[in-house]
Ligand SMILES: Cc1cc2nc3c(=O)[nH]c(=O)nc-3n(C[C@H](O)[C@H](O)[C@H](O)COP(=O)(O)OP(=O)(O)OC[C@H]3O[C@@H](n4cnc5c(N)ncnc54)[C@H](O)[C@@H]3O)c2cc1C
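Heads up, the chain below is alone and in the form predicted alone; it's given as structure tokens.
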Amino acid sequence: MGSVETLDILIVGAGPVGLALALDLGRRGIRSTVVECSSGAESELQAKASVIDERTMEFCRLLGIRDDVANAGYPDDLPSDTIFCTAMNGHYIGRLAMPSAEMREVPEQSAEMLRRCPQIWFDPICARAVHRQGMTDVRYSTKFLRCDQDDSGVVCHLEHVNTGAVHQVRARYVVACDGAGSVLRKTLGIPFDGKDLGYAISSIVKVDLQKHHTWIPAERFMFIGPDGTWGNFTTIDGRSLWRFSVVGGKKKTNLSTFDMDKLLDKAFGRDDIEYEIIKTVQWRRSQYTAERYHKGRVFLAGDAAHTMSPTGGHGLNTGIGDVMGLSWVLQALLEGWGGQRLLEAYTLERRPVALRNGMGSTRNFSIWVDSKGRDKVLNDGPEADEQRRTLGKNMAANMRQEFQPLGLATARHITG
């Protein structure tokens, strides 16, 4: 058997969280290796994150990708409004008005403003920056299998996806950025406690929505019936690509028999609109948090450490915050100017943030599915008009915290 390759830092997962960690380590003069089971940075259309909040934009500035993110291609003149309605050609309920990027002011609490940059753009931006920096060896098509650790390092067993060849590397520290189903977290036996919030089904739809309603442009349309919000359109690129999501049940749906076209017609309020469904996926909405964020020399970050409902856009941003707090800890451990108590400090600092953001996201989702005061929204007449007016006003007021969560984005300390 040949000698085992030795590394300082091994990062498992080349999503935005893993790449951000590699970038910040490189900024600190620390080389790292990233392994990723997929064949390259995210380029396939996915119904994933798109909100880059104020604090994460500050981190992007620090990492040298701020301008790339701000100028990625999302239209600066698109209002960030959310329209509440029964259908796009149905009853108007209300509007949460929020400014476009060109009209938005940088808040006094931050040096940056919130931006929209869908993950299909954000991930390649991070990957290109890592490549330019030259401090990270990114190994795609490499699957993490398991690890064994001792007092001085972690031996990781890796498999090349294309050939099936298995080899070992030994790292001084390992960081799991491998998502909600983290193999590393499961290997370590770290409890992952929380609750499921049901399944959802999302389609990426290519359609020119602005041609098919009389309301001014918006980035989101929420469809409300007597049982609460049943679906929504959210823009991906600010133009013709939209994520259409419907609230599912507690059990998985058979997508092969699921009629998404019927639900799209319900959302449009008519059946003659031309559109293309590019992709449909089913996913589980949940709120889980790891009991601790490290075991020995292995750390958890991003979705490997916590999951939360996307209602609020906190998942990616919380994960970036994790690794920006972990990076200096790893530097201190490697260079010998930080003690072992820093291992526990990472959990103590970041876990409360995930708990707070997860609870906030679940609270936002509860507003979506609340059915009170909605029994007449599909009806005609003065009584129904008044219910829609009241509902629209309340929805706008209650949901501003979801789409404008400045306090969550910029808070540095958790109290209470």
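The structure displayed is predicted, hence computed values, not measured ones. Residues carry their position along the shown sequence, with the first being 1.
This protein has a second form, the form predicted in complex with the named molecule, left out of what is shown; the following refers to that one.
Review point. Each of W283, D303 and P310 near the named molecule in the predicted bound form, meaning some heavy atom within 4.5 Å?
Key: Yes, the whole trio is in contact, each within 4.5 Å by some heavy atom.
Check your understanding: So in the predicted bound form, does any heavy atom of I224 sit within 4.5 Å of the named molecule?
Key -> Taking the distances in the predicted bound form, the answer for I224 is no, it never comes within 4.5 Å of the named molecule.
Review point. Does A14 make contact with the named molecule in the predicted bound form, using a 4.5 Å heavy atom cut-off?
Key: It does: once the named molecule is placed as it appears in the predicted bound form, A14 has a heavy atom within 4.5 Å of it.
Check your understanding: Taking 4.5 angstroms as the cut-off for heavy atoms, does A70 touch the named molecule in the predicted bound form?
Key -> Outside the cut-off, so no.
**Study point:** Heavy atom of G315 within 4.5 Å of the named molecule in the predicted bound form
**Key:** Yes, G315 sits close enough to the named molecule in the predicted bound form that at least one of its heavy atoms falls within 4.5 Å.
Review point. Hey, of 337-345, 176-184, 290-298, 255-263, which bit sits against the named molecule in the predicted bound form at 4.5 Å between non-hydrogen atoms?
Key: Looking at the partner contacts, the answer comes out as 176-184.
Review point. Considering V51, I65, A354, L391, which brings a non-hydrogen atom within 4.5 Å of the named molecule in the predicted bound form?
Key: Exactly one residue meets the criterion: V51.
Review point. Heavy atom within 4.5 Å of the named molecule in the predicted bound form: which of H91, K143, R172, R104?
Key: By the 4.5 Å criterion, the partner-contacting residue is K143.
Point to revise | Residues of 79-114 having any heavy atom within 4.5 Å of the named molecule in the predicted bound form, listed in sequence order | key: Heavy-atom contacts to the named molecule in the predicted bound form: nothing from 79-114.
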